[in-house]
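Read the single chain below, which is given as structure tokens and is the form predicted alone.
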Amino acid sequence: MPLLSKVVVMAPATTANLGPGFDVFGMALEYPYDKVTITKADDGIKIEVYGTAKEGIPTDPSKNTAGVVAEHILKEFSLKVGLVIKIEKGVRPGIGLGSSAASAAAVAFGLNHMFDLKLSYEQLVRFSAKGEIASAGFEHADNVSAAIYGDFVIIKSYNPFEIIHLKAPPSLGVCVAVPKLPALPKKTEKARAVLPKMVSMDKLTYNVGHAASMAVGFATGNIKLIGNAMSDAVVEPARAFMIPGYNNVKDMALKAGAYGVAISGAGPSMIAVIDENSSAPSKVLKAMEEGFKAAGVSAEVFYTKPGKGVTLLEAE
């Protein structure tokens, strides 16, 4: 039986890949975020979804990332208890900011506290990744790792999970542009379907060099190096056609002072990295908005920073 009857946790939006780090790099964001309340019940799992980003999110536990994670944990630890999971959805689904990962990470983290399971962060990632099956059709851990750890993560290995966690430089800022495009069901799955099955050696070496440079940038706090490393020769070129205005947004943001620009996860959101000490967020945001506008697409833009991982807000 649980030691606690109720926990409330907050889980952040995340951005994955950051250019060359497909399925390997992830970063947590301060904003937006999900707030998840888990309450003990007599039996079964009930999902309730609230908030501005609730549209289109299933409440069937077997089709909801939070529900899938809860089912896996209850089964693995033979926990005979019911749960009510209330999700205040702040991270919109289908825009490339880790919406499903936020809910999944929140539940894994929350149940770990509720039942005192003493799970390591790697184990929390393993359970959270199970939830991605509900939204993407397969397990992937870049977003959930960032949501659990916070700041910047590198997935060194998937089997077993080995994750490297690095703090982001204090003055690193993230400009986000979310184009208003029709929602694609199973978007992540479709975005993977367009990827090349074979990669040439020159593209491989290009991406390895840029990925290594980004890791060094985070390790040393060099924002310019991080931004310059946000270039991908494999995944982004294959996906660019799915985002009208991709080249416009990239070029205009760089001219406005961004150090690097990339598709956020499977898109269609795009992120630009800046150093707050040398670039104005408003100028870069305006450039990204204008870049999409030039392609006939309106976009929502906002500014945020790297953030902490999932956090316990209340327990009783």
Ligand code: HSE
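Fair warning: this is a prediction, and the values are worked out from it, not measured in the lab. When you see a residue number, it is the position in the sequence shown, counting from 1.
Below, we refer to the form predicted in complex with L-homoserine (HSE), which is not included among the displayed structures.
L-homoserine (HSE) is not shown here, and in the predicted bound form it never comes within 4.5 Å of any heavy atom of Gly260. Although the partner is absent here, Ala13 is not a contact residue: none of its heavy atoms lies within 4.5 angstroms of L-homoserine (HSE) in the predicted bound form. In the predicted bound form, L-homoserine (HSE) lies farther than 4.5 Å from every heavy atom of Ile274. Interface residue remark: Asn143 is counted as part of the site for L-homoserine (HSE) in the predicted bound form, having a heavy atom within 4.5 Å. This chain is displayed alone, yet in the predicted bound form one of Ile57, Val68, Leu285, Ala266 has a heavy atom within 4.5 Å of L-homoserine (HSE); that residue is Ala266. With the partner omitted from this view, the residue of His210, Arg192, His165, Lys130 that lies near L-homoserine (HSE) in the predicted bound form is Arg192 [heavy atom within 4.5 Å]. With the partner left out here, L-homoserine (HSE) still marks one of 22-30, 252-260, 287-295, 58-66 in the predicted bound form; by a 4.5 Å heavy atom cut-off that stretch is 22-30. Residues from 83-115 do not approach L-homoserine (HSE) in the predicted bound form: none has a non-hydrogen atom within 4.5 Å of it.
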